[in-house]
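Shown here is one chain on its own, the form predicted alone, set out as structure tokens.
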Amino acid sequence: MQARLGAEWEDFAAALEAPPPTSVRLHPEKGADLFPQAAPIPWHPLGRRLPERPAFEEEPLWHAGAYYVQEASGMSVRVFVPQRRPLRVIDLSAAPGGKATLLLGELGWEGGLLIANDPDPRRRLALQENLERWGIPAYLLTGRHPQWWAQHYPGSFDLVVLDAPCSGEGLWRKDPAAACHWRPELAARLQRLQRNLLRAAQTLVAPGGTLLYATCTFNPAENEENIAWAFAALAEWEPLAWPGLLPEAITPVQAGAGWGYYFYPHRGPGEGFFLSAWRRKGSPRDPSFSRPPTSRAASLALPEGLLSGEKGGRWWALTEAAAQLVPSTLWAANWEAFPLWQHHRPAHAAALLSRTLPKPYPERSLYTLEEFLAYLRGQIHPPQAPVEWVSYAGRGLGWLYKGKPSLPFTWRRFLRPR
């Protein structure tokens, strides 16, 4: 790094010793008016850099999904999201959900489908929680290996995002202990894995579609060398350049016949990050539409544009725009969607929808932090109706059922008896 950065080396080394900055990305519907005094993130209109890190698990609007705590550099993925709609998108390594919720924010309720995939079942728990909190039911959550997707759905996606497993040097100041596990042979082993994943990701891209490759390492072997290897002899691919003038925080590098972009912690608001974007030549095909196996629960009123169906005794929700883009053979596979109804009452996640359920549930408004913490601990007056919708500053937080509240995932774990 000293040889690469030259005169910038001392600033880089000093940045690694400084506390990591805190940045958030606002929900486009539930949180667009928050943190008006915070510094903006140059590459995302809803990104904000906070002067200090709050205790997010005690913040009502964080529980409401009004914003997502995301490292600023990772928000740059938005720059290369295609403008056309609808889009069929897959995030191959989506946990814990930063890029997945960003993509859902771009798609919204009418813009298409996101497959949020992660093969690690433990990481999928955090991904599931964050997708539900975000409240845009335009996704399917899956746990397949990228090679499975490449085998079954080649050329099927308008956007493929591969945030590859890497040596993680860019996040060392957030987790200094991780530096103790770094070895040269680790980077070499990861490079082989990354190239296998890149080949699978390339297979998935439809004509006219885009592939985004990202890591959180500074290692050229895991970044521009992989890109040069993957695209060197493939005439059907063309590199995508950062549109417009590059922010000063970003350093472009040559990656074979294309480009990659480095984010260094001493130059910008985020951590270490690398991003490269490529387009498969050809005209985008008209999206294929499938007939979703959905129905409506008799006791369930839904917002306009939302479908529901039953799977494993639970009712799930999916926007009509997303459901039409699910490959027909995928309906029979294993997946999770936005939970809507279970145990004869609305699921906790249903309270977090960015468009509220039209059924007139009585509203229990919370006005202070003390009331909110009492709600999380179940120390609140019991509901008068069978179900009450709990809100804070107009955003949904959960439900009060006769007998107990619906607790967010985070607090269910926190309050679990030891």
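Residue positions are given as counts along the sequence shown, with the first one as 1. In this text, all values refer to a predicted model and were calculated from it rather than measured experimentally.
What follows is about the form predicted together with a small molecule, which we do not show.
Proximity of L193 to the small molecule in the predicted bound form: non-hydrogen atoms within 4.5 Å are present. The closest non-hydrogen atom of R123 lies within 4.5 Å of the small molecule in the predicted bound form.
Of the heavy atoms in P96, some are within 4.5 Å of the small molecule in the predicted bound form. Within 4.5 Å of some heavy atom of the small molecule in the predicted bound form lies at least one heavy atom of P146. With the partner omitted here, the residue from V326, A337, I227, L92 that has a non-hydrogen atom within 4.5 angstroms of the small molecule in the predicted bound form is L92. Screening D118, E222, E271, D158 for any heavy atom within 4.5 Å of the small molecule in the predicted bound form leaves a single hit, D118. The candidate stretches are 305-313, 164-172, 344-352, 253-261, and the one lying within 4.5 Å of the small molecule in the predicted bound form by heavy atoms is 164-172.
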